[in-house]
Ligand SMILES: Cc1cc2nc3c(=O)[nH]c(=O)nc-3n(C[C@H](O)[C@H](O)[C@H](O)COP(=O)(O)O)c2cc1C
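What follows is one chain in C-alpha cells, specifically the form predicted alone.
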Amino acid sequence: MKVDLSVEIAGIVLENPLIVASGTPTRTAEHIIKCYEAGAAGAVTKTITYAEIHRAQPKPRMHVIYPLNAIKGEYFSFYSIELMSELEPEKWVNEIRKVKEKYPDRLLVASIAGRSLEEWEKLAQIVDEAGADAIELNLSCPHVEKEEFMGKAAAKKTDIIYNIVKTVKKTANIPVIGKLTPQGANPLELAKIMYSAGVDAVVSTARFQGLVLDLNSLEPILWKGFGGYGGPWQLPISLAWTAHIALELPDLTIIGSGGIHSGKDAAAFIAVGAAAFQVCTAVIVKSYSVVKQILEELADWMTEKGYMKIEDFKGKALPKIKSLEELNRKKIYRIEVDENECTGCGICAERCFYGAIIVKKGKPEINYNLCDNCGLCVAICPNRALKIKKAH
C-alpha cells in the first residue's frame, strides 16, 4: 500500500508536509508555482514589507562553503544576505491571486514584516483580502538589527512579539503562523509568548547570523558584512528547539525548519513533534527537484519502518528523550575492535584522554579498567573499526 503523506496545519489539510519556506525560491508567483509543480504542498511568499532598505538586495549576496558537498547532498554551509521581497506590498495582491487561480488547493502563506503595529495590521489586511491561506510573521530575519518591530530585533522585547501577534490575529480572518529566531533569543520562550497571544502555529527555527572572513585581506567576503548562516549542520539545533517546544506546548502546531536536506531529516522533525516542515536552502542549492527527492525519501523511509501515515510516528521520539538526571553514569559498555576493518592507524590511541588504548603489532588493545566509556574512539575511527556494545 502507498503511504499517506497528508497532514493538517491550523485546520488546512495538505497532501504532504513539505512547505517551501520564504526566500528566493518563492520570490514571485511564477516561482511559487514552480514549488507546487515540483510537488510541494505549500509555499511561503518571500517576506512582504514596506521597508525599502529590506527590498533592495545586496550584490553579490550568496556563498556556499563546500559547494561540492552541497551538490552531492553532504554537509555544507550556506551563507547569504538575502533580504525581503523586492516587490511592493500592493504588487503582491496580483501575485497571490495568480497563484490561487492556478493552484486553489495548495497552501499559500504570505510572509509579512512591519515596522510598526499599524504596518503589521495593514500588511495582514492586504494579504488576507488578496486570498492568502495563512500569514507568517517574519520575526526571525537575522539581518534586521535596529527596527524593533521586525525580525530578530523584535524578539528582544516580549511585549512587542505579543502585540504583533494580537494585532495580526485581530485583523486577519486566516491562520497566523509565527516564525521563531534562534539568534540571541530563546525559541521556546518566544513560542510561549506567541501561543499566549493566540498564534495558530510556529515555525521552528530560522537561520543564525554569521560572518565569513577572507583571511588574505582580513575583511568580510563578498558583500563585506554579516549574513544569514545555515545548512545541514543546523539540523540538530533546530530539532532540539522543536522538541523543547513540543514537550512544553503539546497543543501548539509546529512546523519544523532549519537544515532539512533529505527525507530522513524531515522524518526526524516529525518524530519530535512537528506537524509539517519547511525547506529553503535545499531548494536554493539543489533547485526545485529536491522537493520530489525529499518527499520520495520520506515515503521510502516510512514504508521501510511500516508507517502508513504521518500521524503513526509524529512525536514518537519525545517520550524517549531523557533528562540530565536520567542519563546513564555507569560503565556498562565495552569497546570492541573489528580486526578486519582496523588498519592500525593509531588515531584512537592518540585521541584517548584516559590512556586506555595502546597499539600493539598494528592493532589497538583496550584497557577496560582505564576506559571511561566516553565513546570518542568509536566516533573518530576513520574505518568504523571500533564498536561500542553493552557488556554482558
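Quick caveat, the model's predicted, so the values are computed rather than measured. Counting begins at 1, following the sequence as shown.
A second form of this protein, the form predicted together with the named molecule, is not displayed here; the remarks below concern that form.
A.B. asks: Name the stretch, out of 64 to 72, 45 to 53, 354 to 362, 331 to 339, where some heavy atom lies within 4.5 Å of the named molecule in the predicted bound form.
C.D. replies: Contact-bearing stretch, as computed: 45 to 53.
A.B. asks: May I ask you to state whether Val99 is within 4.5 Å of the named molecule in the predicted bound form, using heavy atom distances?
C.D. replies: Result no; Val99 lies far from the named molecule in the predicted bound form.
A.B. asks: Would Lys179 count as a contact of the named molecule in the predicted bound form, using a 4.5 angstroms cut-off between non-hydrogen atoms?
C.D. replies: Residue-level check for Lys179: yes, a contact with the named molecule.
A.B. asks: Thr24 versus the named molecule, in the predicted bound form: is there a non-hydrogen atom within 4.5 Å?
C.D. replies: Yes, contact at 4.5 Å.
A.B. asks: Would you classify Ala271 as touching the named molecule in the predicted bound form, given a 4.5 Å non-hydrogen atom cut-off?
C.D. replies: Because no heavy atom of Ala271 falls inside 4.5 Å of the named molecule in the predicted bound form, the answer is no.
A.B. asks: Just to confirm, with a 4.5 Å cut-off on non-hydrogen atoms, which of Pro187, Gly114, Gly259, Gly227 contacts the named molecule in the predicted bound form?
C.D. replies: Only one option qualifies, and that one is Gly259.
A.B. asks: Only one of Met302, Ala130, Ile193, Leu83 has a non-hydrogen atom within 4.5 angstroms of the named molecule in the predicted bound form; which is it?
C.D. replies: Of Met302, Ala130, Ile193, Leu83, the residue with a heavy atom within 4.5 Å of the named molecule in the predicted bound form is Leu83.
A.B. asks: With the partner left out here, which residues of 255 to 286 have a non-hydrogen atom within 4.5 Å of the named molecule in the predicted bound form?
C.D. replies: Counting only heavy atoms within 4.5 Å of the named molecule in the predicted bound form, the contacting residues of 255 to 286 are Ser257, Gly258, Gly259, Ile260, Gln278, Val279, Cys280, Thr281, Ile284.
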